[in-house]
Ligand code: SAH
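Here you get one chain, nothing else, as structure tokens; it is the form predicted alone.
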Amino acid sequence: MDILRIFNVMESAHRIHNPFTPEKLATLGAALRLEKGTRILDLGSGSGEMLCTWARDHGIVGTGVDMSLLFTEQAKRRAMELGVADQVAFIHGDAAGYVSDEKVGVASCIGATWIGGGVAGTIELLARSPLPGGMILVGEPFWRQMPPTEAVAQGCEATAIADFLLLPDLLASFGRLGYDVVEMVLADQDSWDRYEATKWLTMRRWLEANPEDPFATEVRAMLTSEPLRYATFTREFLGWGVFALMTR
């Protein structure tokens, strides 16, 4: 399966490409006590909703990097729509290895820790961009309850139970890397529902508009299987949150 293309199809109507609602994203921005002019680097910035709304609401400036051309163009349009195009910039490119030319107050990777080969590697990458006393934001899944079998973990789209930790263990892992956890905002089942269920109507509309596309077979298979898979596995077993870290 072409992973980038299936995400471009499934999430083309999303403004937020993770299990946060606009309200939770706003809660996170307020919790971080962002000062006007704070510079933010966001790796895997998607459609730019975090940078754009925080620029509007808190006066931050920043740069987002994302490998999806579609999402990057959506981010640029969102910046224009909110009147913050002079505060935020979006780069279409590979965020893996990206380090800011100018030191930032906040370096973030919200739900794309694959860019650093996992949580530890992504934190190591992000740590190259902040100013002294700056903050790192990491968005990452965790087990709400431990899957009883590897098959259940795979139903949550993990490769194995070992892919994720229980929340206390995830928080402890940040400490072992030398960081204080200074804030966190967690998704809940309702916000998971909005992230996942929104994909289904998007896929259905795409199929109606593109019945002869060679990719339609794969999109149809996803639409057929995803609601039951999500309700059976992800909704019950997988949590997700954004964690704010500062070096000790």
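Computed from a predicted structure; not experimentally measured. Each residue number is its position in the shown sequence, starting from 1.
Same protein, other form: the form predicted in complex with S-adenosyl-L-homocysteine, not shown, and the subject of what follows.
Quick one: of 153, 115, 82, 123, which gets a non-hydrogen atom within 4.5 angstroms of S-adenosyl-L-homocysteine in the predicted complex? That would be 115.
In the predicted complex, the one of 65, 28, 51, 203 near S-adenosyl-L-homocysteine [non-hydrogen atom within 4.5 angstroms]: After the contact test, the surviving option is 65.
Where does S-adenosyl-L-homocysteine sit in the predicted complex: which of 73 to 81, 153 to 161, 172 to 180, 105 to 113, heavy atoms within 4.5 Å? The contacting stretch is 105 to 113.
Contact with S-adenosyl-L-homocysteine in the predicted complex for residue 95, defined as at least one heavy atom pair within 4.5 Å: yes or no? So residue 95 counts as contacting S-adenosyl-L-homocysteine.
Might residue 24 be said to contact S-adenosyl-L-homocysteine in the predicted complex, defining contact as any heavy atom within 4.5 Å? Residue 24 lies outside the contact set for S-adenosyl-L-homocysteine.
In the predicted complex, does residue 18 have a heavy atom within 4.5 Å of S-adenosyl-L-homocysteine? Taking the distances in the predicted complex, the answer for residue 18 is yes, it comes within 4.5 Å of S-adenosyl-L-homocysteine.
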